[in-house]
Structures are given as structure tokens and as C-alpha cells.
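For reference, the chain that follows is the form predicted alone, supplied as C-alpha cells.
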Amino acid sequence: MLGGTFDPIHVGHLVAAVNARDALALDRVLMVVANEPWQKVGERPVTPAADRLAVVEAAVASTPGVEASAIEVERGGVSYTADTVDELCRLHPGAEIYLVVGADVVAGLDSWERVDAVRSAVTLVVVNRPGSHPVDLGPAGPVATWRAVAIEVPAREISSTDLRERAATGRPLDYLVPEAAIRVIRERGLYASWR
């Protein structure tokens, strides 16, 4: 699973998903759309979950082995990875669950709700980018207590903040966001009122 606010999803997210799927020979990668992202609440406006889910569904529709997941949206309320991992374990007993995160997320893992439950249930997949300082997976590193693997993906410096600003000001999203997702953003008039 690769979870996020996806406000909006962009090609960097998809690069991480397809490279994790390939590097680890995963059956599928679920792009889990946060219903109410606890780390963003009160920080900035968040596009309604149903709209973000529709954009993710459009973005991954033609990507083999990558699926949009509404598990957190359907559950409602604040989205915690621990709840999602619990639910996935119940739905798929015996399945090995991998949690894909960017290297930038690793420093904040200890702040997560019920992080010990997440740690015991998943293999952490840390996505590193070329030229950036890779996360130390050794015994003195920040994920020493996790089952963890690292993968490297091509560098894609894309910011969802910048994409929202681009959409709000009418600048192009082409080649930054999948074409099908851009169509949904335009059809729903997303980000037009963000300025």
C-alpha cells in the first residue's frame, strides 16, 4: 500500500508505485486515498475525499498492478495507517503487507498513531531518490526496529502544493499529472477556488 492525501496525485506517486511493484515483485500496489488526513487537518484546505479518489482512479486506470483504494474513504473519519493495515490484514489473512513511504516520511514515523502495530504488521519500503541521502537501514538507522527494504526510483521533484497552484491559475499540469487525472480535475473544477 502507498497511502496519501493525493491532493492531487502526480507522476512521482506513480513512479514510486510501479517501481516498488517491480523491485519487490508485488502482486499489486494499492494507492490508498486518505479520507481525513490527520497530518493535514487544520494545516490547509483539503479537497473532498470523493474528488481525490476519483482523480486517483483516473490516474491509475491504465497502470497494470496499481489500483486506487477507497478503504479509508469508505471507513470515514480520520485516516490512520494502523486502521488500514488492520483492515487489510483482516480482509487478506496471510498476505504480506508492504507499506511504501518516501524517504522524507521516515523521520516522522514515530509520530504515527499506533506505530508499533503498524511496525509489527508490515514490511516498510523506503523510496529513495538518486542524489538524495538514502535512509540508513542498518542497526543504528531510523528504521532499525522495522522490517525494511529500500528501493531507488528516478528523481521527480513534483510538489502537490505547486500542482494545486498551477491548477488554480490555469497553468498546465501536462506531464506532471496523468492525462486522465487532469480531465477529472477539470471536469470537477478542482482547485479553481484555491487562490
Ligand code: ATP
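Don't overthink the numbering: it's just position in the shown sequence, from 1. Just so it is clear, the structure is predicted and the values come from calculations on it, not from any experiment.
Not on display, but discussed next: the form predicted together with this ligand.
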item: R147, K40, R166, R28 - the one with a heavy atom within 4.5 Å of this ligand in the model of the complex; value: K40
item: Stretch in contact, per heavy atom within 4.5 angstroms of this ligand in the model of the complex, of 100 to 108, 87 to 95, 114 to 122, 73 to 81; value: 100 to 108
item: 4.5 Å heavy atom contact, I151 to this ligand in the model of the complex; value: no
item: Non-hydrogen atom contact N128 with this ligand in the model of the complex at 4.5 angstroms; value: yes
item: A61: touches this ligand in the model of the complex, heavy atom cutoff 4.5 angstroms; value: no
item: Touches this ligand in the model of the complex: S160 (any heavy atom, 4.5 Å); value: yes
